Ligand code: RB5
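The chain below stands alone and is given as structure tokens, in the form predicted alone.
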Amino acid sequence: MKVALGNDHGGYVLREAVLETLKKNKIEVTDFGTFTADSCDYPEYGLRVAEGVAEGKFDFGILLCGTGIGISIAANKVKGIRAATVTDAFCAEACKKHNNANVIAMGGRIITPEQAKTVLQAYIDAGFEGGRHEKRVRQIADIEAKYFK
């Protein structure tokens, strides 16, 4: 399994916890940075991860910023991306099971590194349920097709 990781300065505090969890699960990581807590612009990291996931280079993406919100908004501008901002294990599991989210975003100012490990593990362990959810994911793709020219 291959995953793309990207973060800005606000998500930097969660990086090591995320990398530790990925290593524990023997998941290969391409790390797009940033590699310091110096201020930077989250859209570029959201874009790098989202493009890689959309192109099929990665099984999923992980994005980290202050809240997880801004970086997920940037990622969702890429066709084929279903990025979900998650704050707990329930949301992480649900976004995978019900929405087939291919990117998760977390906020370094919202959750602790220990919580990030739990959230990420819940996402990794979950699988898309399909069924009634497949119809809804197709509806999302139809909206995308209408507006992403």
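Counting begins at 1, following the sequence as shown. All values reported here derive from a predicted model rather than from experimental measurement.
Separately, the form predicted in complex with the ligand exists; it is not shown, and the next lines address it.
_Please determine whether Ala37 contacts the ligand in the model of the complex, using a 4.5 Å cut-off between heavy atoms._
Residue-level check for Ala37: no, no contact with the ligand.
*Would Thr87 count as a contact of the ligand in the model of the complex, using a 4.5 angstroms cut-off between non-hydrogen atoms?*
Flag for Thr87 set to no.
*With the cut-off set at 4.5 Å between non-hydrogen atoms, does Asn100 touch the ligand in the model of the complex?*
Output for Asn100 is no: heavy atoms all beyond 4.5 Å of the ligand.
*Look up in the model of the complex whether Ile62 has a non-hydrogen atom within 4.5 angstroms of the ligand, and give yes or no.*
Because no heavy atom of Ile62 falls inside 4.5 Å of the ligand in the model of the complex, the answer is no.
*Go through 5 to 13, 18 to 26, 122 to 130, 137 to 145 and give me the stretch that gets within 4.5 Å of the ligand in the model of the complex, heavy atoms only.*
Within 4.5 Å of the partner lies stretch 5 to 13.
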